[in-house]
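We begin with a single chain expressed as structure tokens, specifically the form predicted on its own.
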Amino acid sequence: MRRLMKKFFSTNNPETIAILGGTGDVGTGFALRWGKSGHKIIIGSRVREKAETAVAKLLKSVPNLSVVAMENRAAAETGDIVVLTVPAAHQISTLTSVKDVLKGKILVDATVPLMPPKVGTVQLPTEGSAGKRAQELLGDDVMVVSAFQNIAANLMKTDVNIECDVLVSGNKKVARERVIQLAEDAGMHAWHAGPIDNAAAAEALTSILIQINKRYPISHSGIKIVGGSHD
């Protein structure tokens, strides 16, 4: 049985985090975990009313959460850090709609390129990965960091200790560092995984984990980085 987290660690560097497409399990899970650690949260959606409904549910669960609703573009413009949690089919259209307001910011892309109904088969895009596709679309003025693809969405909305490690890929080390801190604020452990080209490995692992969950009597399978220290 997974252990309940005793608490979420308070962040020493509170940010305003905009979660685009943030009305689903992944987005609201991030909102709960980051909100509890002290960050200000914006739930973004293509339709503001949908975001407002999600915010109302979050506040009913945690009344003192600092969370507001906006349309995606306004959320992306307002946030210090922007997180993308839309399905792969909507990745490009969402990013295109906010591209000009992302300049100079970190975009955390949690997109997994799953292709229903064969979600247990690795099917990466022609660019190599969803993360690399986002970086190519947005250009060097935006620091794209790919992360969180291997975390079970329904665990995000609970207070359980998430034992799966997070692989963080991106071309700028300083951006990866900030996302690693965000992962820790959300109660997870994260690792530098190199440049954005390496996002392909984490994205592909999701389909493998789905196969493992189907084949064996376990749920929420994840990855854990282990090893000894250097002599």
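When you see a residue number, it is the position in the sequence shown, counting from 1. The shown structure was predicted, so the numbers you read here are calculated from the model rather than taken from an experiment.
Below, we turn to the form predicted together with a small molecule, even though it does not appear here.
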property: Candidate stretches 73 to 81, 100 to 108, 118 to 126, 142 to 150, one within 4.5 Å of the small molecule in the predicted complex by heavy atom; result: 142 to 150
property: 4.5 Å heavy atom contact, Leu138 to the small molecule in the predicted complex; result: no
property: Close approach of Arg46 to the small molecule in the predicted complex, 4.5 Å, heavy atom; result: yes
property: The small molecule contact in the predicted complex: Lys50, any heavy atom under 4.5 Å; result: yes
property: Val26, heavy atom within 4.5 angstroms of the small molecule in the predicted complex; result: yes
property: Contact test, all of Gly21, Thr94 and Val112, partner the small molecule in the predicted complex, heavy atom 4.5 Å; result: yes
